[in-house]
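Quick heads-up: it's one chain on its own, the form predicted alone, in structure tokens.
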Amino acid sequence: MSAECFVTGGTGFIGQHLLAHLSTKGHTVRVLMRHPERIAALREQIDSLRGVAGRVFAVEGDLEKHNLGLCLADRGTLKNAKAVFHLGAHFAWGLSPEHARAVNVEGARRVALLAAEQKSRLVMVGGYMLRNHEHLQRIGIETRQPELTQWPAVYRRVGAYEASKLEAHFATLDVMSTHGGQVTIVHPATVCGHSRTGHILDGQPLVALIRNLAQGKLTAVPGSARHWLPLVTVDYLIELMSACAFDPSMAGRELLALDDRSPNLRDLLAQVGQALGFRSPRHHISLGLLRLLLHIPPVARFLNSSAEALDFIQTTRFDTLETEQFADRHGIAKPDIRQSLERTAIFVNTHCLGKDRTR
């Protein structure tokens, strides 16, 4: 059955795949855009992803503006949305706390308030670190009483991007609880390319990792043999999100989108290196030492990375049984993550690294 949907962050990597998926299911999708005149280019991308571009429409607005900057006519149209998907966020290392909060936290509040007021189901993208309770406790988040969290200290510890995403999670829950809205939160791991095509956009963390390997900047594996970078393919993530939006039993619940078969970091780099003909590192460097090195600006620029990124490399394992049971109920097959990683590496080599070589 078709439905009206509203999507923020639709021009990003996950967002593009979500628009393509929802449109192929017959849904009408309205996407928040600061520059609605760019809808033609977005539709071309949706077509290339085998979506139905004619079902996707632009709505002018901005996460940083009051009421999302929506005009009255668009607010009236959006009242028909059965599901609101909030993916919009500013991702970058080294953000200022003020900017990160303005977009990622206050923007999330505005989207949550819109969804609650018009009785739409809100599906929000969180992050798998929110399921690492030891980490949350270690960085000073009071999960049982989030209002007691000293957020400035959290921002100093983990950086503005991750802190703002964490704060946005609790801010959204507070808005939906206060206004009686329905919310489902999906927590993705680091997003891998499409399981069949390998499609991924430049600027994604996994692309940066592959680029550093290809350019010979990764001379040692961060962490130990136990450290890994949990992955999820973009198509598996999108199918989970879509199913959550229209499953009444998922209201008020959270779902972890993570493939527990993701290889450890050394094996991940070895697999990418083998697929592309690059040498991968065999020895390890401690995260503590690497963190110190990345606080030296020339080193961070050379490695095109930041100490903020190291928190996502960890030894914690996650229970994905609930997710697998949910996927089985909805007939969602989990792709082979190693095969997907290989296809992603080949796509990156052709479409991202290829551009580097022609500059």
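One-based numbering along the sequence shown. Owing to the predicted nature of the structure, the values given are computational and were not obtained by experimental measurement.
Although it is not shown, the form predicted in complex with a small molecule is what the next lines describe.
- When you look in the model of the complex, the only residue of 190, 197, 280, 132 with a non-hydrogen atom within 4.5 Å of the small molecule is 190.
- A heavy atom within 4.5 Å of the small molecule in the model of the complex is found for exactly one of 287, 275, 103, 136: 103.
- Partner contact region in the model of the complex: 55-63, out of 328-336, 302-310, 55-63, 289-297, criterion any non-hydrogen atom within 4.5 Å of the small molecule.
- For residue 346, no non-hydrogen atom is located within 4.5 Å of the small molecule in the model of the complex, even though that partner is not displayed.
- Although the partner is absent from this view, residue 155 stays clear of the small molecule in the model of the complex, with no non-hydrogen atom inside 4.5 angstroms.
- Taking non-hydrogen atoms only, residue 165 approaches the small molecule to within 4.5 angstroms in the model of the complex.
- Taking the partner from elsewhere, residue 87 is found to have a heavy atom lying within 4.5 Å of the small molecule in the model of the complex.
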